[in-house]
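Have a look below at one chain only, the form predicted on its own, in structure tokens format.
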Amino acid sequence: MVENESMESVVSETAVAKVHHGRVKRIVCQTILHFILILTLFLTLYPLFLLVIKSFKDIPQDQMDPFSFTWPLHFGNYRTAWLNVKDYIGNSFIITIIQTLGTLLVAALTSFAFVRFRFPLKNVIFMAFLSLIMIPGTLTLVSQYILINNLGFVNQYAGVYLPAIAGSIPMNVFLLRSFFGGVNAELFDAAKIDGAGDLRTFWSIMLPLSLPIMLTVAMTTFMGAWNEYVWTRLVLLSDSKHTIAIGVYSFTNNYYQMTGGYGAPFAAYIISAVPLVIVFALTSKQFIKGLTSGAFKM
């Protein structure tokens, strides 16, 4: 009896030790994870904090106290920035909206064709689309520019958004086809019985059911088009046609050479980011829903 009690005591102590060890290990892992998350959050938000506070400083304030708010706040930086970049914002809206709508139209129709129709080498063609995702865009800059130049699209808005629409097809077709494939086929059969054609089925059934992933594609396309610099800089030669990305960069260089400060250029950066913040605020719920509702499932 005594021996059994001692064995039970040893087993109990061992179990308690294992539970304690597991608890300590879990606490250590959570502490390390929280530290990494806090460090990542700091590295992400601190540059934004500096951007905001420096946009309200004049040159003496920035030199004397560069890392904190100083008074008075100089809202004139935003007025100066707006006067210098307002025309570029209009150009960016033209290119971005056309590119976003064109990308949605081409990618959605292509994905619908892959899901609803049977044609020779369908899977081979789709795999060819996927293989194009692996090709870096910088490898095609020269050949793409030669093509645009031969077509006469240099210094034209079309020279910016047409290649962008074509280049976005592989990834967006992958996303939309995966989502479209999850839609119940009985809905299409019912629409066909009711006399709906393929385009009516696409417009009245597929698009409403696919709104989350469509808005996800729209938002990512909008952000990419708005922030594009290299290709836009190569194609658009006239200053009157430059986008906000080019305009802010040029304004930063010119302003610093004249004044030695960055207050107004930093204000221009914030102004240029406002449309992106608004777009994300309007589509964030659908964006998250699109990412979590099977968009990345094959």
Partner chain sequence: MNNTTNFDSELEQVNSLSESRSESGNGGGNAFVARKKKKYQWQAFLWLAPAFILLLVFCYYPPIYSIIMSFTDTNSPVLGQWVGIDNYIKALTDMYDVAGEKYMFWISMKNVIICIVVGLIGGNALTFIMAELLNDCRSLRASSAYRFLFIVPMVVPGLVGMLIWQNIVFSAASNGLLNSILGIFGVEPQGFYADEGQALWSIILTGFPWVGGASLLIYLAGLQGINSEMVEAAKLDGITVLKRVFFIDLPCISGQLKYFLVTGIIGGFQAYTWQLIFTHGGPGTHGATMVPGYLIYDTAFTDRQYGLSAAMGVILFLITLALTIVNMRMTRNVQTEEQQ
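Everything numeric in this text was worked out from a predicted model, so none of it was measured. Positions refer to the first chain, counted from 1. Each form is matched to the other, and the largest set of C-alpha atoms that superpose within 1.5 Å is called the rigid core.
A second form of this protein, the form predicted together with its partner chain, is not displayed here; the remarks below concern that form.
- If you check its partner chain in the predicted bound form, you find no heavy atom from any of His74, Leu211 and Leu282 within 4.5 Å.
- By the criterion of a heavy atom within 4.5 Å, Phe180 is counted among the residues contacting its partner chain in the predicted bound form.
- For Tyr249, a non-hydrogen atom is located within 4.5 Å of its partner chain in the predicted bound form, even though that partner is not displayed.
- Although the partner is absent here, Phe129 is a contact residue: one of its heavy atoms lies within 4.5 angstroms of its partner chain in the predicted bound form.
- Its partner chain is not drawn, but in the predicted bound form it has no heavy atom within 4.5 Å of Lys241.
- Distance criterion of 4.5 Å from any heavy atom to its partner chain in the predicted bound form singles out Leu141 from the list Val154, Leu141, Ile205, Ile97.
- Interface residues of 28-51, taken as those with a heavy atom within 4.5 Å of its partner chain in the predicted bound form (partner not displayed): Gln30, Leu33, His34, Ile36, Leu37, Ile38, Thr40, Leu41, Leu43, Thr44, Leu45, Tyr46, Pro47, Leu48, Leu50, Leu51, in sequence order.
- After superposition on the rigid core, the Cα of Met258 moves by less than 2 Å between the shown form and the other one.
- Here Pro136 counts as shifted, since its C-alpha moves by at least 2 Å between the shown form and the other one after the core is aligned.
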